[in-house]
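Below, in structure tokens: the form predicted on its own, a single chain.
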Amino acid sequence: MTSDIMEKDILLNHATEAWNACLEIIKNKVTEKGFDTWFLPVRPLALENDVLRLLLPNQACYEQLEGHYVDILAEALTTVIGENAQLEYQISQKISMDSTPAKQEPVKPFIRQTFDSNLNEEYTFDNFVEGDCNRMSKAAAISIAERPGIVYNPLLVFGDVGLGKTHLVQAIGNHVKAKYPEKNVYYISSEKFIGQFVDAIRENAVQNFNKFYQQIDVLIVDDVQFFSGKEKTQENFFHIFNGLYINKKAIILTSDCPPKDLKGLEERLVSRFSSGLTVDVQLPDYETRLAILERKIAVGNDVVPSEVLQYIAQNVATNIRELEGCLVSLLARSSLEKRTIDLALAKEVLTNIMRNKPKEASIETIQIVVAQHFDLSIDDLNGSSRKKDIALARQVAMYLCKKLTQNSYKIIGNKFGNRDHSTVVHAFQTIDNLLKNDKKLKETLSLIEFQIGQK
């Protein structure tokens, strides 16, 4: 019994020394009020095997430490204890210096984790073609990437579809990751954020959902206009936004219009979006369009006569996505039909595109064209077979349904044998990742889109 008491005293002494050393570091990094409110009431209990166990006065203290001060805690612990340092919390409603608190189950902290940033590494500032249409936006993005959370926070980039907003904001994320590898960068579309939040509600895990987002240093959310009409999502994002902003974490957003024109969003959220810098990207001029095509050709090591590139740049003035789509269609036609790329082929491709100006395809049409291309039946796509060729065709069809229609993941899943929305999300991400390196698959999808009437 005596040896147990001695061992506990030793662990307590070690914990007290370590925690006092941590406090010396922490007090120089937080406000005096924050230090007095959230750190001074904490009592060390034990330090064993690099795990520091602390007694907290209440749940609010736990939420503050893990929600707002996790970086500072991690830095202090690493300095004092070492790289393998961990925290374990115990919560008590009453702390007494002369009494031993009632035994409670330890509360596991929300562990700061390394996670996939969801960034496309191909989106960098180096391959972002600058022109009059986006010069200010790029300059602002570079400034933020150099000093995330310090300048122009938040940043909202707006413009029509296909003008390079996603490329620009992901370039910020990739630059930050390269320059500040210790920072957590996270890119997400608004639709996926909504899906995550719905899942968190269903699984009674909203608190963990919010804590996950509070550990992000650079949050990039694409297409925030889709928050429209989602009241609970807006309310929750409002609190996430505030927590990140207060802690000087960078918030980067995109939308299809300036904040004042966002419909269906709470005024307080629109106000937050407007509180930083708002910049736009516009339609590229001829010189910028030509430079984009030349960069695309150089990256792919393809050979296209200059007069063909000039013809495309002159005749496709809608957006960058359609401009690049025309080039991809041209390359695909040349490869699949074994034809030389010349002005005649370019005119033929563009004539077909103009004649079949994209109107939204239906899920049913996409299923029919994909099934025919892969020599399968609609039942194969909607069935349960996991054969490699059928699974790939099914994923391609789901990917195109999401890309070419306005239907949600849930609706698409229902059309494919009542599958869950997560299956469609996985299919989209799988094909999207494959397209980064699989040139043959890229050509196949371009041809299918052409057959659907979207290319």
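Heads up: residue numbers just count along the shown sequence, starting at 1. Just so we're clear, the structure is a prediction, and the values are computed from it rather than from any experiment.
Form predicted together with adenosine-5'-diphosphate (ADP): not shown, discussed below.
> Want to guess which of 326-334, 339-347, 260-268, 163-171 is within 4.5 Å of adenosine-5'-diphosphate (ADP) in the model of the complex, heavy atoms only?
Replying inline: The contacting stretch is 163-171.
>> When the contact criterion is heavy atoms within 4.5 Å, does residue 367 count as touching adenosine-5'-diphosphate (ADP) in the model of the complex?
In response: Outside the cut-off, so no.
> Given that the partner is absent here, does residue 77 sit within 4.5 Å of adenosine-5'-diphosphate (ADP) in the model of the complex, heavy atoms only?
Replying inline: No, residue 77 is distant from the partner.
>> in the model of the complex, does residue 134 come within 4.5 Å of adenosine-5'-diphosphate (ADP), counting heavy atoms only?
In response: The answer is yes: residue 134 has a heavy atom within 4.5 Å of adenosine-5'-diphosphate (ADP).
> Applying a 4.5 Å heavy atom distance criterion, does residue 213 contact adenosine-5'-diphosphate (ADP) in the model of the complex?
Replying inline: Looking in the model of the complex, residue contacts with adenosine-5'-diphosphate (ADP) do not include residue 213, since no heavy atom lies within 4.5 Å.
> Just one of 277, 353, 292, 81 has a heavy atom within 4.5 angstroms of adenosine-5'-diphosphate (ADP) in the model of the complex, so which one?
Replying inline: By the 4.5 Å heavy-atom cutoff, the listed residue in contact is 292.
> Though adenosine-5'-diphosphate (ADP) is not shown, can you say which of 186, 197, 123, 374 has a heavy atom within 4.5 Å of it in the model of the complex?
Replying inline: Checked against the cut-off, the match is 123.
> Judged by heavy atoms and a 4.5 Å cut-off, are 129, 296 and 320 together in contact with adenosine-5'-diphosphate (ADP) in the model of the complex?
Replying inline: Checked in the model of the complex: all three residues contact adenosine-5'-diphosphate (ADP).
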